[in-house]
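In the form predicted on its own, a lone chain appears below as structure tokens.
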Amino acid sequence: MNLERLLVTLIFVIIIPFLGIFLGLLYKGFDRKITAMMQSRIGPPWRQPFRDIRKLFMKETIIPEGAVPWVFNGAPLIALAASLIALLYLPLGPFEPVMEGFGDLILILYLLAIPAVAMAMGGLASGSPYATVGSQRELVLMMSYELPLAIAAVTIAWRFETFSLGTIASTPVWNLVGPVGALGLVFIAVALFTVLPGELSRVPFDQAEAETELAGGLFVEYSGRNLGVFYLAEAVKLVVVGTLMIALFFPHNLSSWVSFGGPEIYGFVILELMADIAFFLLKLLVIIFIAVSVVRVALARFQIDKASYFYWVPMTLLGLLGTVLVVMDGAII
């Protein structure tokens, strides 16, 4: 039995990175298409990100003369590796985290910070003044949105009395609180929703790239394979942050509401498994639509000081207010 479990784990470890890359590119395509439709444009086809990646990997990779080559070339790989590893610690639909028991929510927060640090390192190592400014903005933004993200994670972990994401995702947190705590969770969820575009460096929090100001910012000197790897890292991170949001607030499976019958495989009813996977993908699409596409269409790019203030003050206070309500609800219960 242990050998069979080990074999299944190894298969998932191999499959999940490819699945994360595929889903990330697919959802990037949906995001671009949906955004274009909201702006009354035709937009690119949903498969455009796959074409972009193929084209980038076919192009020449140029290293600037003033760059630090090993940092410049290593940063994209670090960003992609951290994003892919984070996926192994997240529950994907009806499946438990592959690395459950070997890391918890704190580790995931660290893994989410690594791509931003890697991008900043790569920009600084390029030797470009535009990339240097972009890297500084990326680090400022990262230090800003990490606070409300940490508040949300710690509050939910406190309510569950554990940082194990597998345990947190197995029971919807809404079932553990009363009306006061539910209101607090709504505040925390709103704060966490605003963190998503910041984590993904999307409008209005794309100050680090800002093509009209910095000509691409920290990516200005990147090309070819290196730029393609960064592109993949961003795509995978899109899946990671969306899945984290689902695991913390919306872990419900369709099979918990609707009963299915039929043959089983490895303890899963096949129809239930397919329904739960489809439901997970739908939830992920909805979260990306609300937190990324709608926000990108509705708002223009913030100035970096206003973006930092937005996370440090309003969203941090909103998260703390939610924490207080959850704690009060725990005392009442």
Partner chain sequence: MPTSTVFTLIKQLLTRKATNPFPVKYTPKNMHAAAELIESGKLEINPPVEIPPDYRGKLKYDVDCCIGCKLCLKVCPSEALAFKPEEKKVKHYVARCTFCGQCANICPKSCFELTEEFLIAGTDKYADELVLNP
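Positions refer to the first chain, counted from 1. All figures in this text were calculated on a predicted structure; none of them were measured in a lab.
One more form of this protein exists, namely the form predicted together with the partner chain; it is left out here, but the text below deals with it.
By the criterion of a heavy atom within 4.5 Å, Met37 is counted among the residues contacting the partner chain in the model of the complex.
For Arg41, a non-hydrogen atom is located within 4.5 Å of the partner chain in the model of the complex, even though that partner is not displayed. Proximity of Phe57 to the partner chain in the model of the complex: non-hydrogen atoms within 4.5 Å are absent; the residue sits far from the partner.
Within this chain, Ala298 lines the site of the partner chain in the model of the complex, having a heavy atom no more than 4.5 Å away. None of Val286, Val294, Val68, Ile270 but one reaches within 4.5 angstroms of the partner chain in the model of the complex through a heavy atom, and that residue is Val294.
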